[in-house]
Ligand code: 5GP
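First comes one chain, alone, set out as structure tokens in the form predicted alone.
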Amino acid sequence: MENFEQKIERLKEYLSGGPKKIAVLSHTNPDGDAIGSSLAWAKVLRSLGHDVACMVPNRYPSFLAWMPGIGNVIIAKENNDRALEVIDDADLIFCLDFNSIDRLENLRQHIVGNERAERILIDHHLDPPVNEYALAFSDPQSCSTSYLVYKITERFVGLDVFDKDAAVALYVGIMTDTGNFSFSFLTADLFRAVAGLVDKGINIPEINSNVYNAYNEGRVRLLGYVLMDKMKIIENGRAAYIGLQEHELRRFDFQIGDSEGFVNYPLSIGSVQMSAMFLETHKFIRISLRSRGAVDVSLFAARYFGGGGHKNAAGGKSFESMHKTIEKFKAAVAEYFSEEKI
């Protein structure tokens, strides 16, 4: 098995031999880490003279719209012809912040269809299908893909390549994926990296305000509705869930990203160790899971909902009704806590 330094050497080989056409892609419903890592990595590649395009399957949340360079990100759902052109012409395809190209939905067919392009993974989720990639920087112990981009860049070309805009992008990714530095994998090296980003001139209070104090009115009212009417506590106070159906989302003029972070609120209750949110879409129910302590929602998601993720942050899908999905969840929680004796 290759170590980190060997992978860096192979990365150099893939990027040698003159300018390359490169697509940097991230997952459907892109979050702060997806956007932040992609923007920063694109800057690194452009500094080496490559022709780079960043792309996401659908629109990013409105609270990220202020980020430097985000206006150049191709949104495939809104500019499909351009997205397919970039994929078909690419010499290299970098896949950031997701472990399987299935998460790119409609773009998957074209990515697989470009047999000439090598695919390279940079990600921190568990169990990537290694056969999908020519080279994989996969580190589940990294707090975020943005931090992984920082570490790769440090060994690859050095940190001088990062300007203030790149530092802002990386900080947004790290901040949002760690829940403002409250989740696991918070190492001394991570905070040394953050200090390095501060040295690039970023303004942390300003970034924090741009992300967390720029919501629309509908999102704030939806949160109130969720906490008052939709949050349910079960299993003797050890678990909680929130279920939101499409008609409820429409009532609050729901926009992509409006429910970001809702699943974390039940964990502020002292007894709650696991929290779930069920978000109804026209195709399936998207499941978000969060936990603290010894409760492993990655195992829970894989066992009951065909999903996965990290120990304290995971997700899955359900193709049953909201009622059946919640009933399955409640039965699964009872079984899980009984077996794990947590």
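Numbering starts at 1 and follows the sequence shown. Just so it is clear, the model here is predicted, and its values are computed rather than measured.
This protein has a second form, the form predicted together with guanosine-5'-monophosphate (5GP), left out of what is shown; the following refers to that one.
Note that among 64-72, 51-59, 283-291, 37-45, the stretch whose heavy atoms approach guanosine-5'-monophosphate (5GP) to within 4.5 Å in the model of the complex is 283-291.
Contact check for R103: a heavy atom falls within 4.5 Å of guanosine-5'-monophosphate (5GP) in the model of the complex. Although the partner is absent from this view, A313 contacts guanosine-5'-monophosphate (5GP) in the model of the complex, with a non-hydrogen atom inside 4.5 angstroms. Proximity of R219 to guanosine-5'-monophosphate (5GP) in the model of the complex: non-hydrogen atoms within 4.5 Å are absent; the residue sits far from the partner.
By the criterion of a heavy atom within 4.5 Å, R119 is excluded from the residues contacting guanosine-5'-monophosphate (5GP) in the model of the complex. Residues of 296-311 lying near guanosine-5'-monophosphate (5GP) in the model of the complex, listed in sequence order, are G307, G308, G309, H310, the criterion being any heavy atom within 4.5 Å.
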